[in-house]
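Taking the form predicted alone, here's one chain by itself in structure tokens.
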Amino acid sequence: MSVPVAPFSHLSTLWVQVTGTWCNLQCVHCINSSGPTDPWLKSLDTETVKRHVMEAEALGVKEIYFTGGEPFLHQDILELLACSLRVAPSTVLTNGTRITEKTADALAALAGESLYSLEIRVSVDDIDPEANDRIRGKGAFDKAIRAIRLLHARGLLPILTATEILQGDGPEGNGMYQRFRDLLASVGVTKPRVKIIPVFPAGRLAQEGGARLTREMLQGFDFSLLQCTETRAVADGGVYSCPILAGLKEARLSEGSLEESFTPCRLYHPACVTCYQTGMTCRNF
């Protein structure tokens, strides 16, 4: 069976896997198996990130996202954000545990000095601290909520991001979205913002086999609904089709420049089925 491909249309979004799979937490559902020891995907050095951001600017990028691993483990993350904010609206995906008052002050200063918006997405997976920490590690809930409070107090409205782990019927059907909005309101967030993402069969939840897309399934399909038609992810080893598959050899489109990656990408992975079925995007909304 031949693997279907998604055409590339234009670069709207650049993802930077800035710390590879290096993270201070080891969440049970992590899509790229990040953790604190022996990361299988290395961090990016500062100059490499800056070079790709500058190339993305020349290619018309509209948004830039920093992810990992945990981005705030990178020693130059604030410098990299300052660089990115000179180019486009920028977002950091974080577990929140590394955000101190000093870090929150620095982020607020960056946001205040930039013409573009700075967004911070903080991951929380349950409104119950114990249930959350069974997934993310002891103390993760309290540190994430502290980060949300610190950011909110400085005028940065964080986006709480949660995964539908064993939730069954989606955010509308089970009230998951509203429960997280209520959680944010309960800690003083005046404009709650929540993003729910589906579980992807990748990382620690990967299984052998699994469904794959076929050319027949994609007949008549609107490919613009797939984020890989206008997204590229920079990680150790090159440029990849999307942030979910960053670092995987089969998803690598270029070992050099961004522009070299502007080719159709193979929809070879079970995670591609999730995007096809749900219309999922890793972007903020």
Partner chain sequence: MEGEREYRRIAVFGGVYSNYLALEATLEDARRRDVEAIFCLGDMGAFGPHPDRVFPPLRQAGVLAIQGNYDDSLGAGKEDCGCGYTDPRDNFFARISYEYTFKNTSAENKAWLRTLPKHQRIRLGEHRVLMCHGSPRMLNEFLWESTTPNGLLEKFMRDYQAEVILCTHTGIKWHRALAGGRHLVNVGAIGRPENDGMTNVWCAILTADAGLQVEFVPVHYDHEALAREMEREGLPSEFVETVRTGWWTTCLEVLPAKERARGKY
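Because the structure is predicted, anything quoted here is derived from the model rather than measured. Residue numbers count along the first chain shown, from 1.
What follows is about the form predicted in complex with the partner chain, which we do not show.
Novice: Please state whether every one of the three residues 121, 258 and 261 places a non-hydrogen atom within 4.5 angstroms of the partner chain in the predicted complex.
Specialist: The answer is no; none of 121, 258 and 261 reaches the partner chain.
Novice: Using a 4.5 angstroms cut-off on non-hydrogen atoms, would residue 153 count as touching the partner chain in the predicted complex?
Specialist: Contact check for residue 153: no, nothing within 4.5 Å of the partner chain in the predicted complex.
Novice: Considering only heavy atoms, tell me if residue 220 and the partner chain come within 4.5 Å of each other in the predicted complex.
Specialist: Residue 220: no contact with the partner chain in the predicted complex.
Novice: Is there a heavy atom of residue 83 no more than 4.5 Å from a heavy atom of the partner chain in the predicted complex?
Specialist: Looking in the predicted complex, residue contacts with the partner chain do not include residue 83, since no heavy atom lies within 4.5 Å.
Novice: Does residue 57 reach the partner chain in the predicted complex if we count a contact as any heavy atom within 4.5 Å?
Specialist: Contact check for residue 57: yes, within 4.5 Å of the partner chain in the predicted complex.
Novice: Heavy atoms, 4.5 Å, the partner chain in the predicted complex: which of 130 to 138, 87 to 95, 143 to 151, 74 to 82 makes the cut? Say which one.
Specialist: Contact-bearing stretch, as computed: 87 to 95.
Novice: Which one, 49, 226, 239, 61, lies within 4.5 Å of the partner chain in the predicted complex by heavy atoms?
Specialist: In short, 61.
Novice: The partner chain isn't shown here, but in the predicted complex which of 100, 186, 117, 214 has a heavy atom within 4.5 Å of it?
Specialist: Filtering the options by heavy-atom distance leaves 117.
Novice: Given a 4.5 Å distance limit between heavy atoms, list every residue of 6 to 43 close to the partner chain in the predicted complex, or none if there are none.
Specialist: Read in sequence order, the residues that approach the partner chain (within 4.5 Å, in the predicted complex) are 10, 12.
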